[in-house]
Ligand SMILES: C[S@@+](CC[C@H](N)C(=O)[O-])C[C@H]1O[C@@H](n2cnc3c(N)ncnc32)[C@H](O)[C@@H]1O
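Next up is one chain by itself, shown in C-alpha coordinates, the form predicted on its own.
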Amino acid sequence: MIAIKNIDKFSFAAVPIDTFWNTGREKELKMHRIHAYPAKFPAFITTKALEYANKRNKKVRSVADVFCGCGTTAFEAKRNNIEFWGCDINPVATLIAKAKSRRYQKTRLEKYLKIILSDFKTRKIKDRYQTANERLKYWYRNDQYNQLAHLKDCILRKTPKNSDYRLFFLCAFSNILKGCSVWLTKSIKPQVDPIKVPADVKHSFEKQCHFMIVANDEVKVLGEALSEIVTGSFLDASTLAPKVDLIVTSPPYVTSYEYADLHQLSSMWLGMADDYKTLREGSIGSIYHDYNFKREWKRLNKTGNRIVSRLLDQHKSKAHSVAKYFLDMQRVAKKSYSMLNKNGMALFVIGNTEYKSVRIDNAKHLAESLLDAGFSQVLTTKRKISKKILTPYRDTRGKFSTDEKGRLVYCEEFIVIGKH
(Lines give C-alpha, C1' and ligand atoms only; values in the text may rest on other atoms or scores of the structure.)
Protein backbone atom coordinates (compact mmCIF):
# COMPACT_ATOMS: atom_id res chain seq x y z
CA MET A 1 0.00 0.00 0.00
CA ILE A 2 1.21 3.50 -0.86
CA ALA A 3 0.10 6.46 1.25
CA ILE A 4 -1.04 9.46 -0.78
CA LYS A 5 0.48 12.62 0.67
CA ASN A 6 0.25 15.13 -2.18
CA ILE A 7 -2.66 14.34 -4.47
CA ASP A 8 -1.62 16.89 -7.13
CA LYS A 9 1.76 15.22 -7.66
CA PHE A 10 0.61 11.64 -7.16
CA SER A 11 0.54 9.37 -10.24
CA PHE A 12 -1.70 6.32 -10.15
CA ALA A 13 -0.04 5.08 -13.34
CA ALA A 14 3.16 4.56 -11.35
CA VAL A 15 1.51 2.43 -8.66
CA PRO A 16 2.93 -1.14 -8.79
CA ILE A 17 0.73 -4.22 -8.87
CA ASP A 18 0.34 -5.86 -5.45
CA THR A 19 -0.11 -9.65 -5.76
CA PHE A 20 -1.82 -9.74 -2.34
CA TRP A 21 -5.00 -8.46 -4.01
CA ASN A 22 -4.76 -10.62 -7.16
CA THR A 23 -5.83 -14.05 -5.94
CA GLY A 24 -7.58 -15.78 -3.08
CA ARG A 25 -6.60 -18.85 -1.08
CA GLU A 26 -9.68 -20.87 -1.94
CA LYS A 27 -11.76 -21.56 -5.01
CA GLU A 28 -14.72 -19.22 -5.37
CA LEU A 29 -17.95 -20.89 -4.29
CA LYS A 30 -20.67 -21.64 -6.82
CA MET A 31 -23.08 -19.41 -4.90
CA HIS A 32 -21.31 -16.43 -6.45
CA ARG A 33 -22.35 -17.72 -9.89
CA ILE A 34 -26.07 -18.27 -9.38
CA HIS A 35 -26.89 -15.27 -11.58
CA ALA A 36 -25.00 -13.50 -14.35
CA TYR A 37 -23.91 -9.99 -13.39
CA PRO A 38 -21.52 -7.63 -15.22
CA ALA A 39 -18.28 -6.37 -13.70
CA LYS A 40 -18.64 -8.00 -10.30
CA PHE A 41 -15.42 -8.15 -8.30
CA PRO A 42 -14.04 -11.47 -7.03
CA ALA A 43 -15.20 -12.76 -3.67
CA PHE A 44 -11.70 -12.91 -2.23
CA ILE A 45 -11.51 -9.09 -2.20
CA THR A 46 -13.81 -9.07 0.84
CA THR A 47 -11.77 -11.79 2.53
CA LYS A 48 -8.56 -9.87 1.81
CA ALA A 49 -10.10 -6.66 3.18
CA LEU A 50 -11.00 -8.43 6.44
CA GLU A 51 -7.50 -9.90 6.62
CA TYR A 52 -5.95 -6.49 5.95
CA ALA A 53 -8.02 -4.93 8.75
CA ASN A 54 -7.27 -7.71 11.24
CA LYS A 55 -3.52 -7.45 10.64
CA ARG A 56 -3.80 -3.82 11.66
CA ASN A 57 -5.56 -4.74 14.89
CA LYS A 58 -8.95 -3.59 13.64
CA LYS A 59 -11.71 -5.88 14.87
CA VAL A 60 -14.42 -5.89 12.22
CA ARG A 61 -17.91 -6.56 13.60
CA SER A 62 -19.89 -4.95 10.79
CA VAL A 63 -19.38 -4.51 7.05
CA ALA A 64 -21.21 -2.44 4.44
CA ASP A 65 -21.30 -2.33 0.67
CA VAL A 66 -22.83 0.90 -0.59
CA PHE A 67 -22.99 -0.42 -4.19
CA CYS A 68 -23.77 -3.99 -3.21
CA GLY A 69 -24.67 -5.26 -6.70
CA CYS A 70 -25.35 -8.99 -6.73
CA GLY A 71 -24.21 -9.44 -3.12
CA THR A 72 -20.60 -10.61 -3.27
CA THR A 73 -19.64 -8.74 -0.10
CA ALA A 74 -22.98 -9.61 1.53
CA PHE A 75 -22.41 -13.33 1.07
CA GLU A 76 -18.79 -13.24 2.26
CA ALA A 77 -19.78 -11.25 5.36
CA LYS A 78 -22.45 -13.84 6.09
CA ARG A 79 -19.91 -16.64 5.72
CA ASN A 80 -17.69 -14.87 8.25
CA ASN A 81 -20.65 -14.30 10.59
CA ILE A 82 -20.22 -10.53 10.39
CA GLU A 83 -23.16 -8.12 10.36
CA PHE A 84 -23.82 -6.67 6.91
CA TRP A 85 -25.66 -3.69 5.47
CA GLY A 86 -25.84 -2.99 1.77
CA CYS A 87 -27.80 -1.03 -0.77
CA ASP A 88 -28.17 -0.81 -4.52
CA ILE A 89 -30.52 1.22 -6.69
CA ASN A 90 -31.02 -1.74 -9.03
CA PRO A 91 -33.86 -3.98 -7.75
CA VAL A 92 -32.61 -6.94 -9.81
CA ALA A 93 -29.23 -6.67 -8.07
CA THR A 94 -30.78 -6.64 -4.60
CA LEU A 95 -32.98 -9.62 -5.48
CA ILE A 96 -29.86 -11.61 -6.39
CA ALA A 97 -28.00 -10.36 -3.31
CA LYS A 98 -30.84 -11.40 -0.99
CA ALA A 99 -31.19 -14.81 -2.62
CA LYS A 100 -27.45 -15.36 -2.34
CA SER A 101 -27.32 -14.44 1.36
CA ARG A 102 -29.98 -16.90 2.53
CA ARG A 103 -29.55 -20.46 3.75
CA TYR A 104 -31.97 -23.02 2.31
CA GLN A 105 -32.91 -26.59 3.24
CA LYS A 106 -31.98 -28.84 0.34
CA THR A 107 -35.00 -31.11 0.79
CA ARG A 108 -37.39 -28.14 0.66
CA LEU A 109 -35.72 -26.76 -2.47
CA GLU A 110 -36.04 -30.13 -4.19
CA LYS A 111 -39.66 -30.43 -3.05
CA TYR A 112 -40.64 -27.00 -4.37
CA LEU A 113 -38.81 -27.58 -7.67
CA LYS A 114 -40.66 -30.86 -8.19
CA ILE A 115 -44.01 -29.19 -7.48
CA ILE A 116 -43.28 -26.23 -9.77
CA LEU A 117 -42.23 -28.48 -12.67
CA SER A 118 -45.27 -30.71 -12.17
CA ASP A 119 -47.55 -27.68 -12.22
CA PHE A 120 -45.80 -26.41 -15.35
CA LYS A 121 -46.39 -29.73 -17.09
CA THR A 122 -49.99 -30.38 -16.08
CA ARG A 123 -51.54 -26.93 -16.45
CA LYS A 124 -52.47 -25.65 -19.86
CA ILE A 125 -50.30 -22.85 -21.19
CA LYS A 126 -52.36 -19.78 -22.07
CA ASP A 127 -51.63 -17.50 -25.02
CA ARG A 128 -50.74 -14.09 -23.53
CA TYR A 129 -48.35 -12.85 -26.17
CA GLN A 130 -50.73 -10.40 -27.84
CA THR A 131 -51.32 -8.51 -24.58
CA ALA A 132 -47.66 -8.59 -23.49
CA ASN A 133 -45.51 -5.56 -22.77
CA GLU A 134 -44.31 -4.30 -26.15
CA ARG A 135 -40.69 -4.23 -25.00
CA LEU A 136 -40.88 -7.88 -23.94
CA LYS A 137 -42.46 -8.79 -27.28
CA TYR A 138 -39.40 -7.26 -28.89
CA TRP A 139 -37.15 -9.78 -27.11
CA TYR A 140 -39.30 -12.93 -27.16
CA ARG A 141 -40.97 -15.14 -29.66
CA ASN A 142 -44.52 -16.24 -28.99
CA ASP A 143 -43.76 -19.70 -27.55
CA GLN A 144 -40.93 -18.54 -25.29
CA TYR A 145 -42.98 -15.67 -23.90
CA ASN A 146 -46.01 -17.83 -23.10
CA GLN A 147 -43.90 -20.53 -21.48
CA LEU A 148 -42.05 -18.00 -19.33
CA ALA A 149 -45.34 -16.37 -18.23
CA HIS A 150 -46.65 -19.83 -17.40
CA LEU A 151 -43.49 -20.72 -15.43
CA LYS A 152 -43.62 -17.50 -13.46
CA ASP A 153 -47.23 -18.23 -12.49
CA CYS A 154 -46.22 -21.72 -11.35
CA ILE A 155 -43.48 -20.28 -9.13
CA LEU A 156 -45.85 -17.77 -7.54
CA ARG A 157 -48.55 -20.37 -7.09
CA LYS A 158 -46.37 -23.07 -5.54
CA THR A 159 -44.00 -21.13 -3.25
CA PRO A 160 -44.95 -19.31 -0.02
CA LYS A 161 -45.50 -15.58 -0.45
CA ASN A 162 -42.61 -13.38 0.81
CA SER A 163 -40.54 -16.49 1.61
CA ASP A 164 -36.83 -17.08 1.00
CA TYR A 165 -37.83 -20.02 -1.20
CA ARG A 166 -39.89 -17.88 -3.56
CA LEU A 167 -36.89 -15.54 -3.75
CA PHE A 168 -34.66 -18.49 -4.67
CA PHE A 169 -36.84 -19.62 -7.58
CA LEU A 170 -37.49 -16.09 -8.87
CA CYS A 171 -33.72 -15.61 -8.93
CA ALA A 172 -33.40 -18.80 -11.00
CA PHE A 173 -36.19 -17.57 -13.29
CA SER A 174 -34.44 -14.21 -13.73
CA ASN A 175 -31.18 -15.85 -14.79
CA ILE A 176 -32.73 -17.81 -17.69
CA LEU A 177 -34.53 -14.84 -19.24
CA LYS A 178 -31.74 -13.77 -21.61
CA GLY A 179 -30.99 -17.30 -22.74
CA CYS A 180 -34.65 -17.84 -23.63
CA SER A 181 -34.79 -14.59 -25.60
CA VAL A 182 -33.15 -13.33 -28.81
CA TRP A 183 -30.73 -11.16 -26.79
CA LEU A 184 -27.19 -11.41 -28.24
CA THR A 185 -25.19 -13.59 -25.87
CA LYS A 186 -22.52 -11.77 -23.80
CA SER A 187 -23.23 -8.45 -25.47
CA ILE A 188 -22.26 -5.37 -23.43
CA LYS A 189 -25.42 -3.61 -24.63
CA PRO A 190 -28.93 -4.76 -25.54
CA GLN A 191 -29.06 -6.02 -29.12
CA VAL A 192 -30.90 -8.74 -31.00
CA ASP A 193 -29.17 -11.79 -32.42
CA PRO A 194 -31.20 -12.55 -35.58
CA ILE A 195 -29.86 -16.12 -35.87
CA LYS A 196 -30.11 -17.09 -32.20
CA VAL A 197 -32.26 -20.08 -31.26
CA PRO A 198 -33.75 -19.26 -27.83
CA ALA A 199 -33.18 -21.88 -25.13
CA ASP A 200 -35.97 -24.18 -23.98
CA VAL A 201 -37.72 -22.62 -20.96
CA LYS A 202 -38.41 -25.72 -18.86
CA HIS A 203 -34.99 -27.28 -19.47
CA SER A 204 -33.17 -23.99 -18.73
CA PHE A 205 -35.09 -23.46 -15.50
CA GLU A 206 -34.60 -27.02 -14.28
CA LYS A 207 -30.87 -26.89 -15.07
CA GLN A 208 -30.48 -23.50 -13.35
CA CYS A 209 -32.32 -24.68 -10.22
CA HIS A 210 -30.21 -27.82 -9.95
CA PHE A 211 -27.05 -25.69 -10.17
CA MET A 212 -28.34 -23.36 -7.46
CA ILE A 213 -29.29 -26.28 -5.22
CA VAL A 214 -25.76 -27.69 -5.58
CA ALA A 215 -24.36 -24.21 -4.89
CA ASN A 216 -26.42 -23.92 -1.72
CA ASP A 217 -25.35 -27.39 -0.59
CA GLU A 218 -21.68 -26.47 -1.15
CA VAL A 219 -21.91 -23.76 1.53
CA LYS A 220 -21.13 -25.63 4.72
CA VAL A 221 -21.33 -22.70 7.13
CA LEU A 222 -23.41 -19.53 6.88
CA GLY A 223 -23.41 -17.37 9.99
CA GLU A 224 -26.41 -16.04 11.90
CA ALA A 225 -25.25 -12.41 11.86
CA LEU A 226 -27.82 -9.87 10.69
CA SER A 227 -27.79 -9.07 6.98
CA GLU A 228 -29.83 -6.16 5.63
CA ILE A 229 -30.03 -5.33 1.93
CA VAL A 230 -31.87 -2.20 0.82
CA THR A 231 -33.10 -1.24 -2.64
CA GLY A 232 -32.31 2.42 -3.14
CA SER A 233 -29.60 4.94 -3.89
CA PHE A 234 -26.90 5.33 -1.26
CA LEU A 235 -27.12 9.09 -1.79
CA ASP A 236 -30.87 9.29 -1.30
CA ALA A 237 -31.79 11.03 1.96
CA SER A 238 -34.26 8.23 2.72
CA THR A 239 -31.48 5.60 2.63
CA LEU A 240 -30.42 5.49 6.27
CA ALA A 241 -27.05 3.76 6.59
CA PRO A 242 -25.92 2.38 9.96
CA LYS A 243 -22.51 2.83 11.57
CA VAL A 244 -20.05 0.13 10.48
CA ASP A 245 -16.39 -0.80 10.94
CA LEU A 246 -15.57 -1.52 7.31
CA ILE A 247 -16.91 -0.58 3.89
CA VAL A 248 -15.98 -2.82 0.96
CA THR A 249 -17.45 -1.66 -2.33
CA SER A 250 -16.91 -1.16 -6.06
CA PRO A 251 -18.56 1.91 -7.59
CA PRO A 252 -19.93 1.76 -11.15
CA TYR A 253 -17.55 2.87 -13.85
CA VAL A 254 -18.36 6.26 -15.29
CA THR A 255 -18.27 5.26 -18.99
CA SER A 256 -19.35 1.67 -18.58
CA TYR A 257 -22.61 -0.22 -18.11
CA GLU A 258 -26.15 1.15 -18.00
CA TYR A 259 -27.39 -1.43 -15.50
CA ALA A 260 -31.07 -0.64 -15.96
CA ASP A 261 -30.73 -1.48 -19.66
CA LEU A 262 -28.77 -4.68 -19.06
CA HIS A 263 -31.34 -5.95 -16.53
CA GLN A 264 -34.44 -4.79 -18.37
CA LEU A 265 -35.79 -8.31 -18.95
CA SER A 266 -35.71 -9.24 -15.26
CA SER A 267 -37.06 -5.88 -14.08
CA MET A 268 -40.07 -6.08 -16.41
CA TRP A 269 -40.78 -9.79 -15.94
CA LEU A 270 -40.61 -9.48 -12.15
CA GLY A 271 -42.83 -6.40 -12.04
CA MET A 272 -40.13 -4.03 -10.83
CA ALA A 273 -40.94 -1.55 -13.60
CA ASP A 274 -43.39 -1.29 -16.50
CA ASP A 275 -40.78 0.76 -18.33
CA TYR A 276 -37.22 -0.23 -17.46
CA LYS A 277 -36.00 3.26 -18.41
CA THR A 278 -37.43 4.62 -15.17
CA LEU A 279 -34.79 2.58 -13.31
CA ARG A 280 -32.04 4.69 -14.86
CA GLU A 281 -33.06 7.69 -12.80
CA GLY A 282 -30.87 8.46 -9.82
CA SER A 283 -28.18 5.88 -10.59
CA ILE A 284 -24.57 6.94 -10.17
CA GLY A 285 -22.69 6.95 -13.45
CA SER A 286 -25.86 7.01 -15.55
CA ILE A 287 -26.12 9.38 -18.51
CA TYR A 288 -29.73 10.08 -17.56
CA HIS A 289 -29.60 13.00 -15.16
CA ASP A 290 -31.35 16.30 -14.92
CA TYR A 291 -29.07 18.88 -13.37
CA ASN A 292 -27.64 22.32 -14.02
CA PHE A 293 -24.18 21.58 -15.36
CA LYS A 294 -22.97 25.19 -15.51
CA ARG A 295 -23.85 25.76 -11.87
CA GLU A 296 -22.83 22.45 -10.35
CA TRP A 297 -19.61 21.54 -12.12
CA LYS A 298 -17.87 24.30 -10.17
CA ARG A 299 -18.16 22.04 -7.10
CA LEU A 300 -15.83 19.47 -8.66
CA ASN A 301 -12.52 18.91 -6.93
CA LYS A 302 -9.27 19.70 -8.77
CA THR A 303 -8.90 16.29 -10.40
CA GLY A 304 -12.50 16.21 -11.57
CA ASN A 305 -12.32 19.75 -12.90
CA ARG A 306 -9.22 19.01 -14.99
CA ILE A 307 -10.75 15.88 -16.56
CA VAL A 308 -14.13 17.45 -17.32
CA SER A 309 -12.45 20.52 -18.84
CA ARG A 310 -10.54 18.27 -21.26
CA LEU A 311 -13.68 16.31 -22.12
CA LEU A 312 -15.61 19.49 -22.94
CA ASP A 313 -13.30 19.97 -25.94
CA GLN A 314 -14.06 16.44 -27.18
CA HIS A 315 -17.65 15.61 -26.32
CA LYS A 316 -19.97 17.98 -24.44
CA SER A 317 -22.64 15.44 -23.37
CA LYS A 318 -20.01 12.99 -22.13
CA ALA A 319 -18.36 15.77 -20.13
CA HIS A 320 -21.72 16.49 -18.49
CA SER A 321 -22.26 12.85 -17.47
CA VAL A 322 -18.70 12.47 -16.17
CA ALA A 323 -19.09 15.67 -14.14
CA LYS A 324 -22.30 14.33 -12.58
CA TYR A 325 -20.59 11.02 -11.79
CA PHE A 326 -17.67 12.82 -10.10
CA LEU A 327 -20.01 15.06 -8.10
CA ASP A 328 -21.93 12.00 -6.93
CA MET A 329 -18.72 10.23 -5.95
CA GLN A 330 -17.67 13.24 -3.89
CA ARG A 331 -20.94 12.86 -1.99
CA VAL A 332 -20.33 9.11 -1.66
CA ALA A 333 -16.96 9.83 -0.03
CA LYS A 334 -18.56 12.16 2.51
CA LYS A 335 -21.42 9.81 3.38
CA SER A 336 -19.01 6.86 3.64
CA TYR A 337 -16.92 8.81 6.13
CA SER A 338 -19.98 9.66 8.20
CA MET A 339 -21.13 6.04 8.49
CA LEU A 340 -17.79 4.64 9.69
CA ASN A 341 -17.07 3.99 13.34
CA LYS A 342 -13.92 5.54 14.82
CA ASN A 343 -10.77 4.05 13.20
CA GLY A 344 -12.94 2.38 10.56
CA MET A 345 -11.89 1.88 6.95
CA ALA A 346 -13.51 2.26 3.54
CA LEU A 347 -12.10 0.11 0.73
CA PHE A 348 -13.02 0.93 -2.86
CA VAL A 349 -12.24 -1.19 -5.91
CA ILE A 350 -12.15 1.19 -8.86
CA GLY A 351 -10.68 1.32 -12.34
CA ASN A 352 -9.60 4.12 -14.65
CA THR A 353 -11.21 4.58 -18.04
CA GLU A 354 -10.65 6.47 -21.26
CA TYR A 355 -12.91 8.30 -23.68
CA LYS A 356 -11.71 9.66 -27.03
CA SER A 357 -8.09 9.69 -25.79
CA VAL A 358 -9.02 11.55 -22.61
CA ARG A 359 -7.81 9.65 -19.54
CA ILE A 360 -10.56 9.55 -16.92
CA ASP A 361 -8.66 9.05 -13.67
CA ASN A 362 -11.46 7.75 -11.46
CA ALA A 363 -9.01 6.49 -8.83
CA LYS A 364 -7.29 9.84 -8.40
CA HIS A 365 -10.59 11.67 -8.25
CA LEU A 366 -11.82 9.24 -5.58
CA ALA A 367 -8.63 9.57 -3.54
CA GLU A 368 -8.94 13.36 -3.55
CA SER A 369 -12.63 13.04 -2.62
CA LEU A 370 -11.77 10.84 0.37
CA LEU A 371 -9.16 13.30 1.59
CA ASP A 372 -11.63 16.18 1.21
CA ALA A 373 -14.26 14.16 3.08
CA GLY A 374 -12.09 14.02 6.17
CA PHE A 375 -10.32 10.66 6.01
CA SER A 376 -7.10 10.90 8.00
CA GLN A 377 -5.13 8.81 5.52
CA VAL A 378 -5.69 7.49 2.00
CA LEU A 379 -3.70 4.57 0.64
CA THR A 380 -3.71 2.80 -2.69
CA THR A 381 -2.38 -0.20 -4.52
CA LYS A 382 -3.07 -1.86 -7.87
CA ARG A 383 -4.40 -5.30 -8.79
CA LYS A 384 -4.39 -7.09 -12.12
CA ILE A 385 -7.70 -8.28 -13.56
CA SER A 386 -7.09 -11.77 -14.86
CA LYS A 387 -10.22 -13.88 -14.32
CA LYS A 388 -13.24 -11.75 -15.04
CA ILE A 389 -16.37 -13.42 -16.40
CA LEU A 390 -16.19 -10.95 -19.27
CA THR A 391 -12.72 -10.68 -20.77
CA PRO A 392 -10.86 -7.33 -20.94
CA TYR A 393 -11.00 -7.22 -24.78
CA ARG A 394 -13.71 -5.87 -27.06
CA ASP A 395 -14.17 -6.50 -30.79
CA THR A 396 -15.19 -3.94 -33.42
CA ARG A 397 -18.89 -4.35 -32.47
CA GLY A 398 -18.17 -3.63 -28.80
CA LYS A 399 -18.74 -7.26 -27.84
CA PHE A 400 -16.43 -8.82 -25.23
CA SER A 401 -13.86 -11.04 -26.91
CA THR A 402 -10.93 -13.30 -26.07
CA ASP A 403 -9.03 -11.99 -29.10
CA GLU A 404 -5.99 -10.09 -27.81
CA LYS A 405 -6.04 -7.99 -30.99
CA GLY A 406 -9.19 -6.34 -29.73
CA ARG A 407 -9.36 -3.11 -27.74
CA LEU A 408 -8.04 -3.63 -24.22
CA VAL A 409 -10.26 -2.30 -21.42
CA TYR A 410 -10.33 -2.75 -17.66
CA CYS A 411 -7.18 -4.92 -17.41
CA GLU A 412 -6.26 -3.47 -14.03
CA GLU A 413 -7.95 -1.70 -11.16
CA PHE A 414 -7.03 0.06 -7.96
CA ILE A 415 -7.70 -0.61 -4.31
CA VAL A 416 -8.20 2.77 -2.63
CA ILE A 417 -8.52 2.75 1.16
CA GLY A 418 -9.60 5.63 3.34
CA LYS A 419 -8.85 5.42 7.06
CA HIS A 420 -11.22 7.24 9.39
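Numbering starts at 1 and follows the sequence shown. The shown structure was predicted, so the numbers you read here are calculated from the model rather than taken from an experiment.
Beyond the structure shown, there is the form predicted together with this ligand, which is absent from this document and is the topic of what follows.
Which of these residues, 179, 190, 232, 223, gets a heavy atom within 4.5 Å of this ligand in the predicted complex?
Answer to the contact question: 232.
Only one of 327, 89, 265, 151 has a non-hydrogen atom within 4.5 angstroms of this ligand in the predicted complex; which is it?
Looking at the other structure, the residue within range turns out to be 89.
Just one stretch in 66-74, 50-58, 359-367, 22-30 has heavy atoms within 4.5 Å of this ligand in the predicted complex, so which one is it?
Of the options, only 66-74 has residues within 4.5 Å of the partner.
When the contact criterion is heavy atoms within 4.5 Å, does residue 40 count as touching this ligand in the predicted complex?
Answer yes; at least one heavy atom of residue 40 falls within 4.5 Å of this ligand in the predicted complex.
With the partner left out of view, is residue 284 within 4.5 angstroms of this ligand in the predicted complex by any non-hydrogen atom?
Yes, residue 284 lies within 4.5 Å of this ligand in the predicted complex.
At 4.5 Å between heavy atoms, is residue 252 in contact with this ligand in the predicted complex?
Output for residue 252 is yes: heavy atoms within 4.5 Å of this ligand.
Even though the partner isn't displayed, in the predicted complex is residue 112 close enough to this ligand, meaning a heavy atom within 4.5 Å?
Flag for residue 112 set to no.
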